[in-house]
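Just one chain follows, in the form predicted alone, and it is written as structure tokens.
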Amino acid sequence: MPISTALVATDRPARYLKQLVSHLGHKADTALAGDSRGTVTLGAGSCVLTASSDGLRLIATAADPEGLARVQDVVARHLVRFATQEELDVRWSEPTAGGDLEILDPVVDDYLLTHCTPADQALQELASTTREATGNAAGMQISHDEGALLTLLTGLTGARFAVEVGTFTGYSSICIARGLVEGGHLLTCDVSEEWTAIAQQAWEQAGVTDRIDLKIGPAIETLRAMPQEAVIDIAFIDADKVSYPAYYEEIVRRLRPGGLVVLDNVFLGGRVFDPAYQEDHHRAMRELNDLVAGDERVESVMLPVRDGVTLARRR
């Protein structure tokens, strides 16, 4: 359980932040972003320090409990040593695994769902059918508030041509298709004929079948077979996480200026925050998140929507 936080009450958070980053710079990798955020990376793990109005916030992470304890000790000892004019109290929270983080509180969840445009009968019936037909896999279906966001984003971009990677049972396809301008078209990719059979029935009921072109097969092959021209207005990626970096690259190079790519599940249930999770899809998502943040071809923002959604707009 290698994540722990602390809030150190002080009127001098920026001062202590700078002191710690500067002092540890000779024995650790450190970085300072302005006067409000710093990082200290030790062999055992790392700590993020943020100066806020109520004190100095600390987030310690490591791959194992022993490494976490080492990071906590180094940071706390040095902070207390620097405080010559006050007594600092560094109280770390109990260690927590990334997968145990409460990404969205149930109270917030209910409030969100009851304060967006309601799902119509077609979407309600599709959600019910998906639960009955796919069992535990139904968790792959996006929530209604995220679907409403997709419809809004599609409409705001004035999208005529959209691409979706990961169809599942078609909920997000309906939401995207409904946001397209008249005569608009959605290309959606999946490998499952079983799940997309449900999707095709739902598209018929929702009245969007004529706007959707389904391609069965590996999505990366479908994307690479597309023309190289910048023709995509909006894209939604919600498929196998290991391939996210590859999907992103193929789509971004085909986005028109002002075009938007939307990436779902960028938190992976909180596991991207926790270095103890090192499976292929965890590493791929961290790679993707770093790639987007540093990609000069786009301007991007990561939002705490559901399991994390990143929006990247082509410059």
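Keep in mind it's a predicted model, so treat the numbers as computed, not measured. In this text, residue numbers run from 1 along the sequence as written.
The next section is about a form of this same protein that is not shown, the form predicted together with a small molecule.
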Which of 104-112, 213-221, 152-160, 177-185 lines the interface with the small molecule in the predicted bound form (heavy atom within 4.5 Å): 213-221
Listed residue that, although the small molecule is not shown, lies within 4.5 Å of it in the predicted bound form (heavy atoms), from 129, 141, 96, 72: 141
Site test, 172, 195 and 236 vs the small molecule in the predicted bound form, non-hydrogen atom cutoff 4.5 Å: yes
is_contact(residue 191, the small molecule) in the predicted bound form, heavy atom dist at most 4.5 Å: yes
Exercise: residue 247 in contact with the small molecule in the predicted bound form, heavy atom 4.5 Å: yes
Proximity of residue 168 to the small molecule in the predicted bound form, heavy atoms at 4.5 Å: yes
Exercise: residue 86 in contact with the small molecule in the predicted bound form, heavy atom 4.5 Å: no
